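Listed next as C-alpha cells is one chain, alone, in the form predicted on its own.
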Amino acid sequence: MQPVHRSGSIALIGPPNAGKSTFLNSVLGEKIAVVSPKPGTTRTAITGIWTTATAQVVFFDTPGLLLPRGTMNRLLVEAAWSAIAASQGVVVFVDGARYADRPAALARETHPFAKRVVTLGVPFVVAVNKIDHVTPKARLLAVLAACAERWPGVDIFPVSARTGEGKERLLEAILAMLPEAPPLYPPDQLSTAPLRFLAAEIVREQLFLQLRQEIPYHVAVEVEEWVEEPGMTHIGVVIFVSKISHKAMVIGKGGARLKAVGQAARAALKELLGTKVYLETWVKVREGWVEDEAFLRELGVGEVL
C-alpha cells in the first residue's frame, strides 16, 4: 500500500519581524526569503517549496500584518491576505521574546489580524517563535496563555526558527492541514519567484543590513540588466531612494557603503545562481516612490510570487 501524499499551500502570517522568513529558510535549507533584524523587511508574499517523499508544501512567506497606513503598507497587507485566501492552512507567528515580559500587549498588537484569520474558515495553528531568546523558559508560560486566550482551541507550538527547536512538531501540524493530493511542482524547485526578483531581494537585504534607522524603508531595488554567459551572469541593478540626502547615505564616503553592499550581494548571488557574477549598481533618486502604486507594483511590492 502506497503512503498517502499530501500537497497544498500554507501561509505564514504575523506581525513584522516575527521570524516567518527565518522559518521558511530553515525548512528549505536554502535562503529564499530575505532576512534582517529590522521589521518590515518582507515586501511580497514569496513562495518557498518544501518537498519530501510523501508531501509538498508551498509556503507563502507574507509581509508583516500591520495597520495599512500609506500606499505601500496597504499593498503589503493585501498581499498577505491574498496568500491566505489561496492557502489550505495558516501558521500565525508570534515573537515569544517580545511578549515574555508583557503578555498583555499581545492582544493589542495582533489586533489587525487576530479576529479576521478566525473568520476565514481556514485551519490554522500558532507558532510562538524565538523561544531561544527567552530564559528561563518559564517566562514563556504567560505568552502561551495569552495566545490560548486570543485563539481558543487552536494548537500552539513553541519554536525557534533560528535553532530548529520545536520545528518538527510544527511541520507535522502543517502537514496535517493539507489535503491528499499529488505534488504541484518538480521536486527540485524551491520557489516560483523569478531569479531577477530574487537577485533584487538579495541586494535589498544588504541595504537593510547596512543602513541605519529609517533609510532602508525608503530604498527600492530593480534589476534592469541580466545577461547570462557560460560561467558568468552580468546583473545591472538600480537602487531607488526617495531623497537626495538618502543617495549620499547609500553610496557612503568614497563609495564605501555601496561597494560593501555590492560585495556581500555578489557573494550571495554567486551561491544562488551557481555562476560567477558581475554586478553593477546605480543609485537614482525617485521622490515619492513609496506612494506611487504603479511603480510599487512594477517592483513586485504586494505581489504573490
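Not measured: the values here are computed from a predicted model. For every residue, the number given is its place in the sequence shown, counted from 1.
What follows is about the form predicted in complex with a small molecule, which we do not show.
**Request:** Classify Lys167 as contacting or not contacting the small molecule in the predicted bound form by the rule of any non-hydrogen atom within 4.5 angstroms, answering yes or no.
**Result:** Taking the distances in the predicted bound form, the answer for Lys167 is no, it never comes within 4.5 Å of the small molecule.
**Touches the small molecule in the predicted bound form: Ile10 (any heavy atom, 4.5 Å)** = Ile10 lies outside the contact set for the small molecule.
**Request:** Indicate whether Ala161 is a 4.5 Å heavy atom neighbour of the small molecule in the predicted bound form.
**Result:** Yes, Ala161 is a contact residue.
**Prompt:** Given that the partner is absent here, does His133 sit within 4.5 Å of the small molecule in the predicted bound form, heavy atoms only?
**Reply:** His133: contacts the small molecule in the predicted bound form.
**Item:** in the predicted bound form, segment of 153 to 161, 229 to 237, 190 to 198, 172 to 180 with a heavy atom within 4.5 Å of the small molecule
**Value:** In short, 153 to 161.
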